[in-house]
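The chain below stands alone, shown as structure tokens; this is the form predicted on its own.
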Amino acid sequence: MGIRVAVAGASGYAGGELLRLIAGHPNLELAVATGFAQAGSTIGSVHPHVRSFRDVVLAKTEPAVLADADLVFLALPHGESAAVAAQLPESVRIVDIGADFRLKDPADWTKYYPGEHAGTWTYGLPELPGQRELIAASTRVANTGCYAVTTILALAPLIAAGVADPDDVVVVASSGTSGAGRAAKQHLLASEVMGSMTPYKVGAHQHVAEIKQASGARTLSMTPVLAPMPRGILATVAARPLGAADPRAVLAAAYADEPFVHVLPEGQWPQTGATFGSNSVHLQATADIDSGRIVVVSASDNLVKGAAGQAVQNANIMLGLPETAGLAIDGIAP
């Protein structure tokens, strides 16, 4: 018998990815999976690729259904996790994939999200200095956002080392359509997306506050772009240099012992396809020969390291399991 876990919001893309990862995890056992509109449907009818749980029926998302698990993954829309979490016993560990508990400052929450700030949990990015130990000691962990993790890992070591100016950061990041969730929306129709790239929430994306909080950046301009692909994020992070240190060497030193963060050989640039299906982030850095600005390119799978894989990584740490259990460093290609 494994450690019993529950997935609330299992009918969405992140929830489906959690189910896939749990199915292949050597230590986790699915106790229950819940949905909203899809409650009563089998997992096989909602996620045909998750054959291991094809006959499991999605229950309604109710705290009583989740409370018997050892750990609960909340893969719910932003703003809905807090009400569920408040009704679960303190003995049940929780990893929230939504944004409800990521931000420390209530003013940051009200700037980007509706409703009241629910509070702050331990931030679930193990690769930040000291964070792994905090996660291990916590029963409540807030998972990162997808754009956030891809950008923070590219930027935080440079600011911490005094190599990049925290007051001058610009991010342009492209994401696949799964980052917008599974609900039917006109701008996500194949005929709208295929053959086109579209910026959105320019200068006002909700992950800006999270990136600043975790990376040490003080001002950050971000342009998100919807790309014609189902999954993946490619972020280009530019910052004014402070001194003459080699940014690539700083990143390589920071992540030398990290299993999921890979600084590529010089001359090799990250590509989203190389991260698909993996919990890996690929990084490369250089100095712009004209402006002198530091440029870091970062690639990840928004559904794995940007959501479900990061959640499983955090759960492994919370449960005292090997951090890499059930998670792949290798992507799927072509």
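Counting begins at 1, following the sequence as shown. From a predicted model like this one, the values you see are computed outputs, not experimental measurements.
We do not show the form predicted in complex with another copy of the chain, though everything after this point is about it.
- Interface membership of H49, defined by any non-hydrogen atom within 4.5 Å of another copy of the chain in the predicted bound form, is confirmed.
- In the predicted bound form, another copy of the chain stays beyond 4.5 Å of every heavy atom belonging to A308.
- In the predicted bound form, another copy of the chain sits within 4.5 Å of a heavy atom of P270.
- Contact check for G195: a heavy atom falls within 4.5 Å of another copy of the chain in the predicted bound form.
- Only one of A252, L188, A82, A161 lies close to another copy of the chain in the predicted bound form, with a heavy atom inside 4.5 Å, and it is L188.
- Checked against another copy of the chain in the predicted bound form, the candidates A214, I135, A118, A227 yield a single residue with a heavy atom inside 4.5 Å, and that residue is A227.
- Shown alone, this chain has one stretch from 118-126, 150-158, 236-244, 89-97 that lies within 4.5 Å of another copy of the chain in the predicted bound form by heavy atoms: 236-244.
- Contacts between stretch 89-109 and another copy of the chain, counted in the predicted bound form as any heavy atom lying within 4.5 Å, involve no residue at all.
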